[in-house]
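One chain comes next, on its own, written as structure tokens: the form predicted on its own.
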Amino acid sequence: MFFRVMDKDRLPDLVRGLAAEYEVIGPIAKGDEFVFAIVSDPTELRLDYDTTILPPKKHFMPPTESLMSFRVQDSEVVGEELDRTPRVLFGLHPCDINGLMLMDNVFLQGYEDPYYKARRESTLIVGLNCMPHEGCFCKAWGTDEVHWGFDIFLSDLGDRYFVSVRSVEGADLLDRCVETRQITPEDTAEFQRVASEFQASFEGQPDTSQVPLLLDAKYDDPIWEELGSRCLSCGACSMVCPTCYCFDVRDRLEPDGQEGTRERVWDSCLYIDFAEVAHGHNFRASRAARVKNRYYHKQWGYLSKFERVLCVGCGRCASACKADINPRIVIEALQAGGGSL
């Protein structure tokens, strides 16, 4: 990795240069909130955003994705072409970059998912530093910083960006798209000051180092029944989560029943039919069982396989939950003895 400095007024040049070669996706305003969407004009970018409604995973694993089409009459099956559109995801915060790397463990290890892999290999990542917003607890999970998983990372120093370059592709992009300069001792000092200010801005982050052991001890705690009584089983938390990866595969027939498509759609372990099998048996029929399963999968099950918890502390789930269930508060309640929120 090497470093450069880019004057902030050069940012439009960088975006236009990228747009000439790639589909640029970045944070833009949608009402009072923000979304990752295609950027056609650099002025659309809102790099002051706190978080987005949906995470960047939607550009690698779309909510609905056609896998193949078929015709019954002649038994024709046509697989969809893999999406290899050259893209740049611009302005991702460290938590979302960490989230993508957690998704990589699922879709690129063992049985590789060709649809996810094609998009991932065709996409460059430009990261952006941030300040913690209300509701985020990324530092608790160690996702407040990122040292890999990006091609370029921009740290805002006021009138300029401290640019960290991680890949050969990222270096080539800078050379082609924008003018930068060598860093000076003053740039380094300001970068360290901003980094220190960022770390000092976190307050009251829970200590999560013992959470897996805590969950072992709290498997039958009454808190799960309380959460189950509140949960609406709507799945909103899963839909906005940057690391939820469950999906269903459905066949959609045309009205004549002769043609159709096979689609992959996002699914949620909180849906009542998620764990239902033949003859109507449901392994997690109660809402309490489904809520507990989600927490144990995130903070225990994934950890046992990949040595990382499946949460980046972005806070989207708490914002989306209509029952006011916040994983940070749940963990703190368990640490305090459990029993009730």
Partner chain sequence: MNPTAVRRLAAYEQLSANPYRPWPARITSITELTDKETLFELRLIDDDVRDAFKFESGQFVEVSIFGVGEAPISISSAPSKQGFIELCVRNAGDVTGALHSRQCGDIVGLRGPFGRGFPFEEMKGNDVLLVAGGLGIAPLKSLINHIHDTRHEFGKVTILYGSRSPEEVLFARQFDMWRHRDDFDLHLTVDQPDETWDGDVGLVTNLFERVDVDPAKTFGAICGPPVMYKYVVAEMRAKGMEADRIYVSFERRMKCGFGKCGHCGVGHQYACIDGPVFNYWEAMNLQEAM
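Keep in mind that this is a model prediction, so the values were computed, not measured. Throughout, rigid core stands for the largest set of C-alpha atoms superposing within 1.5 Å between the two forms. Residue numbers count along the first chain shown, from 1.
Just so it is clear, the following notes concern the form predicted together with its partner chain, a form of the same protein that is not shown.
For its partner chain in the model of the complex, the listed stretch (41-49, 22-30, 311-319, 271-279) containing residues with heavy atoms inside 4.5 Å is 271-279.
Proximity of Y219 to its partner chain in the model of the complex falls within the 4.5 Å heavy atom cutoff. By the criterion of a heavy atom within 4.5 Å, T64 is excluded from the residues contacting its partner chain in the model of the complex. At a distance threshold of 4.5 angstroms between non-hydrogen atoms, E145 is out of contact with its partner chain in the model of the complex. In the model of the complex, its partner chain stays beyond 4.5 Å of every heavy atom belonging to E203. Proximity to its partner chain in the model of the complex, defined as a heavy atom within 4.5 Å, holds among Y245, W224, F191, F198 only for Y245. Residue E76 is the only one of E134, E76, D256, D175 with a heavy atom lying within 4.5 Å of its partner chain in the model of the complex.
Shown here without its partner, the chain carries Y111, Y115 and R284, all of which come within 4.5 Å of its partner chain in the model of the complex through at least one heavy atom.
Applying a 4.5 Å heavy atom cutoff to its partner chain in the model of the complex picks out H281, F283, R284, N293, Y296, H297, W300, G301, S304, K305 from 280-305, in order along the sequence. Once the cores line up, the CA of Q258 ends up 2 angstroms or more apart between the shown form and the other one.
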